[in-house]
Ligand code: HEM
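Coming up is one lone chain in C-alpha cells, specifically the form predicted on its own.
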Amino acid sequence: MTAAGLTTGLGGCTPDSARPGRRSPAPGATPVPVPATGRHQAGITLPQPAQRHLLAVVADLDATVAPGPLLAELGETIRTLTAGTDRRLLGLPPGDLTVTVGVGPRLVRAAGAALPGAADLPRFSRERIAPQARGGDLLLQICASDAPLLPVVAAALADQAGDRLRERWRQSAHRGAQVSVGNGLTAPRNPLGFIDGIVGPHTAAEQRRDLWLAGPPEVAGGTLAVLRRMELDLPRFAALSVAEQEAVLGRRRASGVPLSGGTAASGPALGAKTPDGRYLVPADAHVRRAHSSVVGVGLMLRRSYSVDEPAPGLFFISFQNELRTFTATLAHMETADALLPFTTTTAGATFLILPGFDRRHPLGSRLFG
C-alpha cells in the first residue's frame, strides 16, 4: 500500500481478467457496458482495468428512514442508469458506468451488532479529519470512463433518494494513463510517479480467500471498503533524488521493479541483501512495511486516484473481507514506514459493500429485508 495504499490492485473474476490490468481499450474505443446485477456489485473487480474517473458520495440517512426500501429504489435506479434507459442521464451514453453501494457501521449495527462492517474505522496518526469528513451511513461509488457522467449520475441518485439522504462529503478523483508492466499487462502511475496496480488479490482463489465475504448469508458476496483521502507533500517528495524516492517506496520509479530485482509483477524478495549485509529493500520501505506477509494479514484489493481538490493528493480505496487487514497494515506502517511523513489524511470512512442484486433480490434486501 502506498500512502496508506498507493500500490493498488485491480482484480478480476477469472484467471484471465484477475490480473493487474490487461491491455487498456484503445483511445477513442467505445467502453464496454458493465452489468449492474450479479452475485457481486460492479465497480470492484469489474470492469478490468478500472475506469479512469471516480466520484465518491458519502451521505447520512435520517434516523427515521428505513434503509431497505431506499436501497431497493437505489438499486433499481442504478439498473436503469447503467442500461441507459433513465431520462435523468440527459441523453449521455452510460458506457462502462458502475455504481457501487455500501452502508456504514451505524446501519450495519442496527441490522446485527456482530455482522462484518459493524465496526467503525479507528483513528490513526497523521490525520487531520474534520467531523463532517469522517464516516457516514451510505457510500455511492460512481465510476466511468466518461467524466461528465459522474455528476449527472450523482444528481439522479440524489433525486431518487430525495430528502431521505443528506450528503456528508464527496470526492472526485481520476487515475493516470495505463503503462506496461510486462507480459501484456498494464497499470497506472500514481501522483508520486510510481506504477500502481501491481499487488492485490488477482486470482479467483485469492479473491475468495481475501476479498469476498463468505457469510453470514445476509452479507455473503459483499466486501468491506476503506476510503482515505490524503494530502501529499509533493514538493518535498520531488526534492528527493530518484534513488531516495525509490528507497521510500521500495521499487524502481520508471519500471515498478522491486529494489530486490525481478519484474514489476513479481513480489519483492524481502530477505535479499547486499554483500555487506544491507537489505536491498530498505527496512522502512513502503513495500516492506505494508507487505501482507510481514503484517500477517490477507491481501487487499487497492486502488488509488489523483485528486486536485481540496488539495493535491490521493484518494485511496481498499476492499477486503476483514477490516483488520487494513487496520493492522496501517498500524504496522505507522511505526516505521518512510512514506507516511509525506501524507496527511483529511477524510476517512469504512463501509460494508452490499452483496450483488437483481430484480428478484433487490439491493440490500438480505440485510434489511
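The shown structure was predicted, so the numbers you read here are calculated from the model rather than taken from an experiment. Residue numbers here begin at 1 and follow the sequence given.
The following text describes the form predicted together with the named molecule, which does not appear among the structures shown.
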Does the named molecule get within 4.5 angstroms of any non-hydrogen atom of T343 in the predicted complex? yes
Would M333 count as touching the named molecule in the predicted complex under a 4.5 Å heavy atom rule? yes
Partner proximity in the predicted complex: T329 to the named molecule, non-hydrogen atom cutoff 4.5 Å: yes
According to a 4.5 angstroms non-hydrogen atom cut-off, is L339 in contact with the named molecule in the predicted complex? yes
By the heavy atom within 4.5 Å rule, which residue out of L249, I78, I142, L224 makes contact with the named molecule in the predicted complex? L249
Tell me, which of V287, L97, V153, V108 has a heavy atom within 4.5 angstroms of the named molecule in the predicted complex? V287
Which of 129-137, 188-196, 143-151, 69-77 lines the interface with the named molecule in the predicted complex (heavy atom within 4.5 Å): 188-196
All three of L232, P268 and M300 touching the named molecule in the predicted complex at 4.5 Å, heavy atom to heavy atom? yes
Interface residues of 57-90 toward the named molecule, as seen in the predicted complex [heavy atoms, 4.5 Å]: none
